[in-house]
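Only one chain is included here, represented as structure tokens and corresponding to the form predicted on its own.
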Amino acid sequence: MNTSYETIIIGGGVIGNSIAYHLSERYREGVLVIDKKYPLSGTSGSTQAWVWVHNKTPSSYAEFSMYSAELYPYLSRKIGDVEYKRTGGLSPFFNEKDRDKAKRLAESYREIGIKIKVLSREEVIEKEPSINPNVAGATFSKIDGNVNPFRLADMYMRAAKKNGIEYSYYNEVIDIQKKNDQFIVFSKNGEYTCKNVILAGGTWSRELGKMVGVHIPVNQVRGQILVTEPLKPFINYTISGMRQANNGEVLIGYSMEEAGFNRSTTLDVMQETANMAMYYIPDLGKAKVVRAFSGIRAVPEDGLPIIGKVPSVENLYVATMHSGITLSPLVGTLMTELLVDGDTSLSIAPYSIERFK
């Protein structure tokens, strides 16, 4: 069994897999991905999987997200169909007082080249006839959409493996040590040595960082989602809080709770989520909810991604964030540039871990 690698990526979610795949395009040997369970058993497999740009603040973060969303069509051509749909995104508001806030958002985005339209009530209903007729308006972005997260992670893995990337599943990392110019990664299934370590463990980033004496300020935030029975296509856009999947199911919910790693679903949040859905789309009151699930999001303390080198430990890198589905094509590209070329084509300085000092 090979135990010596150029680079070890810890974490097999969409971010870890995207980095592995993009690295495999530049060098095909010497990369190992270690996951404590199996890819998609964590955050990446329990998400609404929006590819979402608008409503993000500051506007520079929306711009960063836009660059990633723009990569999706090209990514699909390279690794295969990931069921990416650029549906356009609607973020409705039900109080006319919110229109000024929407206009300010659109203006701030216009300065960086992102087109956000503030829709009238009539324009919203024309686009989404099933929406609550009491809607006052909405912000709308053409670049928003969604993707099938299972196909996304699976296609990343298939393409990476085809290019020579190795994987080790159900293999929890229990310690990381640095000796001279090499890391020793201790796992339940053995020890590995490597030059570079990339911490892409998502919700477990804080714990992984402690192994190398680095504070990675990432918290766990639980989100609960309801899934309806398959319905005839009737939701045209990705809406803040819900989307209709290819098979007709409607995924609903955007709760945010501090519950550690507890992935339970709770009746009170399920009721709030169902009420929100019926308020937005009254016809959903006739639909049957067939299941509910929760996922634990990795959310850095300031809400923005943490990407790049860890200056205090040579050859240690971190890539952890909320919105990993949206950002995975770009983060995989930039992290590969950083490792192979020593620099990135797009500045990641605003997302350095150094900002928390």
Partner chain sequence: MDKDTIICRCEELSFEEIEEVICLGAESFDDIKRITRCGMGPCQAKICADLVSKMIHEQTGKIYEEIPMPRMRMPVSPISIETLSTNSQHFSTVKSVLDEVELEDGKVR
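Computed from a predicted structure; not experimentally measured. Positions refer to the first chain, counted from 1.
Heads up, the form predicted together with the partner chain isn't pictured, but that's what we're talking about next.
Proximity to the partner chain in the predicted bound form holds for none of 68, 77 and 237, with the criterion being a heavy atom within 4.5 Å. None of the heavy atoms of residue 203 is located within 4.5 Å of the partner chain in the predicted bound form. Contact annotation: residue 190 falls outside 4.5 Å of the partner chain in the predicted bound form, judged by heavy atom distances. In the predicted bound form, at least one heavy atom of residue 254 sits within 4.5 Å of a heavy atom of the partner chain. Contact annotation: residue 293 falls within 4.5 Å of the partner chain in the predicted bound form, judged by heavy atom distances.
Heavy atoms within 4.5 Å of the partner chain in the predicted bound form are found in one stretch of 263-271, 69-77, 178-186, 209-217, which is 263-271. Residue-level contacts in the predicted bound form: of 136, 276, 143, 125, one residue has a heavy atom within 4.5 Å of the partner chain, and it is 276.
Residues 240, 247, 249 are the ones in 234-250 with at least one heavy atom within 4.5 Å of the partner chain in the predicted bound form, listed in sequence order.
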